[in-house]
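The chain below stands alone, shown as structure tokens; this is the form predicted on its own.
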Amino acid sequence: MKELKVQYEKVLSDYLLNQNESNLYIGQNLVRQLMKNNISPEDLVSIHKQSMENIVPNLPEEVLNSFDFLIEVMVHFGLKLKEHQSLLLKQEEIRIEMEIAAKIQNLLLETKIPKPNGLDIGMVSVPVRKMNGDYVHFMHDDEKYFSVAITDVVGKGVPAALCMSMVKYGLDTLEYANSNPSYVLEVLNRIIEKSVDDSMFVSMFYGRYDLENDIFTFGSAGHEPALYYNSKEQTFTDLDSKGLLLGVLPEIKYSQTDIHLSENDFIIMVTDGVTEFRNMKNFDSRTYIKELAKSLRHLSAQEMYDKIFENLNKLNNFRLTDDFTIVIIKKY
């Protein structure tokens, strides 16, 4: 410490005598030694004050007092700087962990779109954050049955992702696509109610399609109603099936409903991130999507989604505020 004080005073004295780039450069290099020896900002100001008193005798009292004031300021500045640096370090650690967790979630929840005979399927899920709170699960059995679950966890981030993993586990245990939607929802409800925190709830729309008889059977656990388009009548119907969110109460019964699909009929399943735009309060998103989908009915299911999302992005003030998931099932 004593050597550094002497060195600093020498460098400062040289600079005051000859204010040139060379002396300034030497002073800048001295910073590395100060940092290496853990010299705090307030200690550096104190060293500077002592050096000035030796170099310039009889400094005005006001100047000396200003150094004392600066020392006090630097003490608090140094503490706040350390807190800030520590916070930045923690934020970076969290960012890296979140990226790893998001990659793991993508691997665990990866969804392959099946290609059952007579159906055209399109889907996409866009997370608003790193971790996705929406999940789509498909099952397809021997060309007889095809089923789909579209799920939304009430919550965001890592807790929602962990809860979603539990949902996937529950769906995987069911194995077969011919299970009744009411039965599937009741099983998942018991699993989630026992396995996740009381503050976490899950909404789900579950549909099973009988490929031989073209019957779509569906049930819902507090989920956004799907949209069914009847091509013959050129009308939309909301597929609304009343049911409590999964995980609220253990012994809940869920109802199911059948509809018949004809050629060119289609069903649009969504999460509330598609229909609730908080920054567009007076915008009727469901009506807009119905009209848009009707005008795009000649396209494939995936092309329909692409155009729907493209047109939504063109709207003024459109901004995703929630995870955005659409599944389109089209009968051909």
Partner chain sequence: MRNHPTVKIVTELDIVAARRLSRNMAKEIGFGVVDQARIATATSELAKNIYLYATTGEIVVEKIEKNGQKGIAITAIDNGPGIANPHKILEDGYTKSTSQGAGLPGVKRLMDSIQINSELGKGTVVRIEKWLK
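Since we're looking at a predicted model, the values are computed, not measured. Whichever C-alpha set is largest while still superposing within 1.5 Å between the two forms counts as the rigid core. Positions refer to the first chain, counted from 1.
Although it is not shown, the form predicted together with the partner chain is what the next lines describe.
Heavy atoms of residue 80 reach within 4.5 Å of the partner chain in the predicted complex, making it an interface residue.
The partner chain in the predicted complex comes within 4.5 Å of no heavy atom belonging to residue 272.
Shown alone here, residue 173 lies farther than 4.5 Å from the partner chain in the predicted complex, counting heavy atoms only. In the predicted complex, the partner chain lies within 4.5 Å of some heavy atom of residue 75.
Between the partner chain and the residues 215, 187, 108, 71, the one pair within 4.5 Å by heavy atoms in the predicted complex involves 71. In plain terms, the part of the chain that comes close to the partner chain in the predicted complex, with a heavy atom within 4.5 Å, is 38-46 out of 38-46, 290-298, 303-311, 263-271. Remark: with the core as the superposition reference, the CA shift of residue 291 between this form and the one not shown stays below 2 Å. Shown in the overlay between this form and the one not shown, fitted on the rigid core, is a CA shift at residue 44 smaller than 2 Å.
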